[in-house]
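The chain below stands alone and is given in structure tokens; this is the form predicted on its own.
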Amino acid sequence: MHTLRTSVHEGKPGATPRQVQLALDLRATATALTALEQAADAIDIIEAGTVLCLSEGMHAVRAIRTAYPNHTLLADIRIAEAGALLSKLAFEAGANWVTVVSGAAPATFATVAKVAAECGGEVQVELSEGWTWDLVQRCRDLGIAQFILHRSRDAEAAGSLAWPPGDLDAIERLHALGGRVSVTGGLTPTTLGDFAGRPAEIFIAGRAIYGADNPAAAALAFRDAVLAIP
């Protein structure tokens, strides 16, 4: 029996709640379920990754929901258009959350937010290169509160695994606007110290967990590292 871990930051009154998300960017549902069997007890949020959703469709979302009814489930379908249709497919398959890319048309954000409200779900906006604060404010005006922030691609290309000060400052500003911030991009237990004192809430790992020799141990190590962020 798998149980939902509501927060890895329990026991720290007043602190920003922190959660662990496992991104399953795998091609086969069976492979994803095998990884989850080992790692699920150490994570809060299961992500049916974009690759998995493209390869297996909503079958993957339904299978994960059936196997793990108590976890928050994200369908990372990165909606750019056809927002009503795509978001409804994901919510009806059992997803709690869906993703919209920051480059989507303004009408798409409004449409997906409306469907999410009707289905009791939530919307995450992927803040890709070129996103603006005007976009963030428009999303907040629509009631969208979740934002996914990626480590700078330029820094990564230059070989730096650290999060640049500008990206870290963006976490603070998003939080100040009422946003909930997820962070992703090569996160490992040894890189999480960058977020000390920052109000990031959700920490996303993928291959570092499911590709490990021992996914259960890798998930626990990542969880412990998130828990240790001051």
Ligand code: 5RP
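This one's a predicted model, so the numbers in the text were calculated from it and none came from an experiment. Heads up: residue numbers just count along the shown sequence, starting at 1.
This protein has a second form, the form predicted together with the ligand, left out of what is shown; the following refers to that one.
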Contact check in the model of the complex: Pro17, Glu201 and Leu227 versus the ligand, with a cutoff of 4.5 Å between any heavy atoms. Do all three pass? no
According to a 4.5 angstroms non-hydrogen atom cut-off, is Glu126 in contact with the ligand in the model of the complex? yes
Give a yes or no for Gly206: in the model of the complex, does one of its heavy atoms lie within 4.5 Å of a heavy atom belonging to the ligand? yes
Do His150 and the ligand come within 4.5 Å of each other in the model of the complex, heavy atoms counted? yes
Flag Thr184 as yes or no: does it have a non-hydrogen atom within 4.5 angstroms of any non-hydrogen atom of the ligand in the model of the complex? yes
Picking from 138-146, 72-80, 107-115, 87-95, which part of the chain touches the ligand in the model of the complex when contact means heavy atoms within 4.5 Å? 72-80
Contact set, 99-118 vs the ligand in the model of the complex - heavy atom within 4.5 angstroms: none
